[in-house]
Ligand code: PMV
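Only one chain is included here, represented as structure tokens and corresponding to the form predicted alone.
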Amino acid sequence: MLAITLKEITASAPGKIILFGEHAVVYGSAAIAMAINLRSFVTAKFISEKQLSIHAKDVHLSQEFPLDLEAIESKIPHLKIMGPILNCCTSIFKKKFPENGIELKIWSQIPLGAGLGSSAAIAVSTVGALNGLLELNLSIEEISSLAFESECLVHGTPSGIDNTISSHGGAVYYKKGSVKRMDVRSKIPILILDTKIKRKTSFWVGKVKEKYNANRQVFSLIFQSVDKISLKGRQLLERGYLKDLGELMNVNQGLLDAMGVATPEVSKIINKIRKLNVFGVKITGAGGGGCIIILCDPRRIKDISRQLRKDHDIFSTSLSRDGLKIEKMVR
């Protein structure tokens, strides 16, 4: 056995918002996603015990697993929260199995289950931390691909946009098989309102799929419209035309209504926000609850935040240019 080295690595990855294209991206339309300055963190270090020890601070959950690949893999299907994290671990262990035990500590600034890509950020930072600890030198694309495998356990048939934006950072114009980084020079200030309505991404992805299968011709036209919105949105985002960008957000929200992913409760909140004369407002992510994003005149952000904070949890964010990064390394 190799001697235990006093070594630990902390990696982080950002959450995201989807400006345009959720759901439609699964069917080949373009989407625009933007990393935000809220991050998930994972510290990985070697320990003397021959085990994999995982501590997820935000969900108050700690578990230990024997350092045995088959034993760990057998647990994945039965653990709702730990399963995706274990999948990240086994994906790395298949490339290089550790000689010593490993401890993972996980915490996040990103609200969980709110449509802000928390699961992808945790997956990317977990793979990134283990990649560094075991000195595998995987590329960002390889790390993103391994994180995507974990996302499939969480969301069923995800588009791949969450792990892509969390790995790369910045803003991306995304289509299946193609990721184009965007040249966004302004901060793009965004208000995020957490509806506190819990929802499951896989449920809403499945619901859209059912509607698509029942009426393919109509839904194909909806997805084509979303594709055109994303293309136009790319131009406006790179030029910093916030008011026009907001108008496109409103149109995209109308198409999300047509897809059936805006519940009456969410629509009520959106209509209330529109009365404040913002540039644009829409859900971000799967819908059914989660978060709503708001684009407004930067000079009015504080005032609008004050008005909405009376009844809702709301916070301000902006574009994060950093994707996966190493926060600390101790040898």
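Predicted, not measured: the structure shown is a model, and the values here were computed from it. In this text, residue numbers run from 1 along the sequence as written.
Unshown form predicted in complex with this ligand; subsequent notes refer to it.
Distance criterion of 4.5 Å from any heavy atom to this ligand in the predicted complex singles out Pro158 from the list Gly169, Gly246, Gly101, Pro158. Checked against this ligand in the predicted complex, the candidates Leu295, Ala262, Ile54, Ala286 yield a single residue with a heavy atom inside 4.5 Å, and that residue is Ala286. Picking from 21-29, 318-326, 305-313, 7-15 the stretch near this ligand in the predicted complex, with a 4.5 Å limit on heavy atoms, gives 21-29.
With a 4.5 Å cutoff on heavy atoms, Ile222 does not count as touching this ligand in the predicted complex; it lies far away. In the predicted complex, none of the heavy atoms of Gly233 sits within 4.5 Å of a heavy atom of this ligand. Taking the partner from elsewhere, Val205 is found to have a heavy atom lying within 4.5 Å of this ligand in the predicted complex. Interface residue remark: Ser108 is not counted as part of the site for this ligand in the predicted complex, having no heavy atom within 4.5 Å. Residues of 185-203 that come within 4.5 Å of this ligand in the predicted complex, judged by any heavy atom, are Arg199, Thr201 in sequence order.
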